[in-house]
Ligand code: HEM
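As a starting point, one isolated chain is supplied in structure tokens, in the form predicted alone.
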Amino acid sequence: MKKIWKFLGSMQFAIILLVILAAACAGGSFIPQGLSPEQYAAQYSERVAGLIVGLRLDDVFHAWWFLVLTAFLCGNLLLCNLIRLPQLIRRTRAAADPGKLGTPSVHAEGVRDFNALLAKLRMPKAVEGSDGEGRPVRYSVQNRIGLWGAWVCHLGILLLILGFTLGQMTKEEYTVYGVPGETKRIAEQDYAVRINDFRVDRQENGFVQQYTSDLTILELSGGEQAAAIDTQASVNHPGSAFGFKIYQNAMGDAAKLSVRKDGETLQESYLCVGDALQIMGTPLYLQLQSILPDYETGADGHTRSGFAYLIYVGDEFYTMSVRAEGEQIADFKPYEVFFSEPCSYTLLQIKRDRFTPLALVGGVVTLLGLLLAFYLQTRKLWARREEDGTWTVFGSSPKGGALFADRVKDAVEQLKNQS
């Protein structure tokens, strides 16, 4: 049993898990995610599609085996840190114990002023002590906290993985689209999005530079507005409100659909390209297929947009045609049905990940561990006083020992030249 625990907390097991997870992530990048079995069969083959769906390669990051591997990796990092913790505490204490100075990698003789050498190396002031054989020494220890660099880095990686995994398991993701002036509910949540404005900024040559949506996120209570936050979402610059991140995802064409009878407006709403609407309780559904900007030129010389549409009776296709702006669609008599006011709609991706702060903390802790490991290297320097009054200096550094030895020798030479 002890061997099993040792293996589960070993670096070898961690490497095996990382290789498998890396391969899974690569597969998730190459294989389109979230498609239907029919789409996979059309893209690959029936056998390959069955394999993809059976192994959950169509949703890698939520597959049970991916979550199990991630849990094992988290357990491995946790065990690794727990196993190393007592030893690390002992090493930290030993670093400041003059009786456990260790094997020196630095040696210099004839130093007249040990404190001046420490000042030259920017090390703490020396304190009195004795070595392992009971001989009096003066010693200085710098950057003991650097011993914790790898341990802190592992802890940060553990928090990162936990934040990412828990976020993937519990994240909420919604799609909302509409035209300025509309208010859309965010799925079944007690929140809604009011689209105040949508702009398409273009460069002088006509190319699109940016898409921007001005929004108000509403918090609802009993169907009534309880709070509101104004925000703005553009490409690569998401908005945020009530824990949601709002991403400007796409745009498309829309038009106002009006239904009248005897001059009275009975139904009026914006219809986005691809959407369908049932007309006044009839079995007929009208779907906007596309908008043709310069469909025809009127007698007054002004161009009018055209609206291509499909009509369904229930689920059965009935007819299709194109009508100019304001031109009546005859199939809905006695109702007057027509399109007008072509415009653009905005499509927003709304996400909420409650574990993002945990992942951010993990990232910060990982960076802190790297800084401790690479920039705060533990150094020890101690000296024994000789009969002629000079000091023989010894030192060690677990990392960068050769560079530390060179620094000490250079500082000793500089002090000798100054005397």
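Quantities reported herein were computed from a predicted structural model and do not represent experimental measurements. Residue positions are given as counts along the sequence shown, with the first one as 1.
Below: the form predicted together with ligand HEM, not depicted.
Put simply, K399 is close to ligand HEM in the predicted bound form: some heavy atom of it is within 4.5 Å.
Although the partner is absent here, R90 sits far enough away that none of its heavy atoms falls within 4.5 Å of ligand HEM in the predicted bound form. Within 4.5 Å of any heavy atom of ligand HEM in the predicted bound form lies no heavy atom of A24. By the criterion of a heavy atom within 4.5 Å, A405 is excluded from the residues contacting ligand HEM in the predicted bound form. Here the chain stands alone, but in the predicted bound form its contact with ligand HEM, taken as any heavy atom within 4.5 Å, falls in 368-376 among 350-358, 368-376, 38-46, 381-389. When ligand HEM is considered in the predicted bound form, only one residue from R304, R323, R138, H154 comes within 4.5 Å through any heavy atom, namely H154. Between the options L77, V106, L284, I329, the residue in contact with ligand HEM in the predicted bound form by a heavy atom within 4.5 angstroms is L77.
In sequence order, G9, S10, M11, A14, L18 are the residues of 3-27 having a heavy atom within 4.5 Å of ligand HEM in the predicted bound form; the partner itself is omitted from this view.
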